[in-house]
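For reference, the chain that follows is the form predicted on its own, supplied as C-alpha cells.
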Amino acid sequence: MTALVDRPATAANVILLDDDRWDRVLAATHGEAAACYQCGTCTATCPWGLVAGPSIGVRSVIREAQLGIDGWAEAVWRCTTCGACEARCPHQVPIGEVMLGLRGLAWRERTAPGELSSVLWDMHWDGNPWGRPPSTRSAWAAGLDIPRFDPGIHTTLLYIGCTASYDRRAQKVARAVVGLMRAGGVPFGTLGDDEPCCGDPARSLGNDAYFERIAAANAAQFKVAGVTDIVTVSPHCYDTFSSHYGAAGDQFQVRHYSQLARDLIAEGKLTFSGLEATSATFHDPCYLARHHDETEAPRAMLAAIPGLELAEMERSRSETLCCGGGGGRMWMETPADERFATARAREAAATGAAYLVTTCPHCISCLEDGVSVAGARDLKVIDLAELAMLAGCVSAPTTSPEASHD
C-alpha cells in the first residue's frame, strides 16, 4: 500500500491512507486481518441478519479500522464470537479473533464503550465480572458439603466459574453438576472461595494483556494445588482453559461436564431411572458445537434418559443459532427486538418439545429471557445437568466417600 499522508486534502470527504495505521491493525489482529479479501460471505452468514438491525459487515469493519474512519469500532462490540461466519469463510480467517483484536485496538485508542471498564475493574478488585464479593464465591454450595480439592484424594477439580458461582439461576446448574459427578462416583473437590476467574471476560472484551496475566496466575495456582484434571460447568471456561492458556494449559486436561457424563454413561457408571414420556429439544452452545466440534456428548446424555424423546430444531449441531450471550455480550445491553434468543425460543417452540435444554449458563439466561419475550409459556428452559437429575441418577458402587452424598 502506498502512503498518501503527505498529500493535502482537497475535499472534506478525502481519506488519507496511512501505512502506520494498517500496521497497527495487523499487529492487533496478529496478521489475520490481512487474509480477509473482502468477499462478504461472513456478512451474509452473521445471525444479526435474523433480527432487527444489519448484519455485522466484517469486511467494512476491517477496512474502516485500516483507514481510521471515525466510528469504525462501533460494530466490533456487536459480535458474539459465535463462529458462524468462520465456518463458511473461504480463506479460513479466524474472524472472531480478528474482532477481539480490533476490540483491543479500540481500548488502546480509547473508543471502547465506557460501561465496559467497570467489568474489568470488577475482575481486578473482586475476581469476577459481576462485582460480587470473593468471600461469597462458594455460597452456591451451601449444604452440599463439597470438599476442598486435594490431589491425594481427588482425581478431578470441579471448576464452577463466575456465572454459576454468583448468578442465582446458574447456581442451580452448578448444584446439578455436583449431583451428576457424585452419582458417577467421581472423586472431586473445588477451590471454594479461592477459585479464580478463568479470564474469559477480559479476553472476550479485547484486553489480551490482562487476560494473559490472569491465565499465568491461574496456571501457577493450579500447579501448586496439584490440579491435572478439570471439569467445567460452562463451555466458555472450558474453551478458555483448553484453547487460550497456551503452554501453561498443557499441565492439565479440561473437559466440559457433558463430556465427563458421556464417558461415565459409556463406562456403565451413570444411569437414569427415567422420566414420564416427554420430549426435549437441544440448543447447542456455540462454544461447544462450533469452537470445539462437540455435539454428541450432550445428545449421548439425552439418549440415555428413558422416556425422553429428542426433537431437533432445524438449526442444530454446528448450524446452531447463537443465544446472543457470547463475546462479552452478557455485559452489554441488547434491545428486545435484537435478541437472538427470542428467535431461538420460537424455533424451539415450533418443535412442540416440553423442554428447551442447553449446557451453558449464559445460554440459560438468554434463552429464559427469549422464551418470555416470545410468549412460549409451555416451553421450560433447563440445563442438561438439571434434566438428568430430574431423570434420577443411579450410582454405581464406589469406595469414594466424596461420591456417596445424595
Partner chain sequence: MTGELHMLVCLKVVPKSEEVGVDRATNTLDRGNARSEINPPDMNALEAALALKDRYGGRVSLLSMGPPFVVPMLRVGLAMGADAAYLLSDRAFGGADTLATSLTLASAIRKIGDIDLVLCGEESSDGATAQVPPGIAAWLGIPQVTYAMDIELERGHILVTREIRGGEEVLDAPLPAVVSVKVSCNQPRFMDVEGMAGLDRDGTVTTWTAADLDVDVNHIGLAGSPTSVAGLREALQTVGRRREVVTGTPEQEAHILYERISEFVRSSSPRTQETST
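Residue numbers count along the first chain shown, from 1. Every value quoted in this text rests on a predicted model; they were computed, and no experiment measured them.
Another form, the form predicted in complex with its partner chain, is not on view; read the next lines as being about it.
**Student:** Can you tell me if R148 lies within 4.5 angstroms of its partner chain in the model of the complex, counting non-hydrogen atoms only?
**Tutor:** Outside the cut-off, so no.
**Student:** Is there any non-hydrogen atom of H124 lying within 4.5 Å of its partner chain in the model of the complex?
**Tutor:** Judged by the heavy-atom cut-off of 4.5 Å, H124 is in contact with its partner chain in the model of the complex.
**Student:** Given that its partner chain is not shown alongside this chain, does S117 nevertheless sit within 4.5 Å of it in the model of the complex, heavy atom to heavy atom?
**Tutor:** Contact check for S117: yes, within 4.5 Å of its partner chain in the model of the complex.
**Student:** Can you check whether A209 is within 4.5 Å of its partner chain in the model of the complex, heavy atom basis?
**Tutor:** Contact check for A209: yes, within 4.5 Å of its partner chain in the model of the complex.
**Student:** Taking 4.5 angstroms as the heavy atom distance cut-off, pick the stretch from 85-93, 179-187, 107-115, 295-303 that is near its partner chain in the model of the complex.
**Tutor:** So the stretch in question is 107-115.
**Student:** Can you pick out, from G192, P134, G274, P196, the residue that has a heavy atom within 4.5 Å of its partner chain in the model of the complex?
**Tutor:** It is P134 that has a heavy atom within 4.5 Å of the partner.
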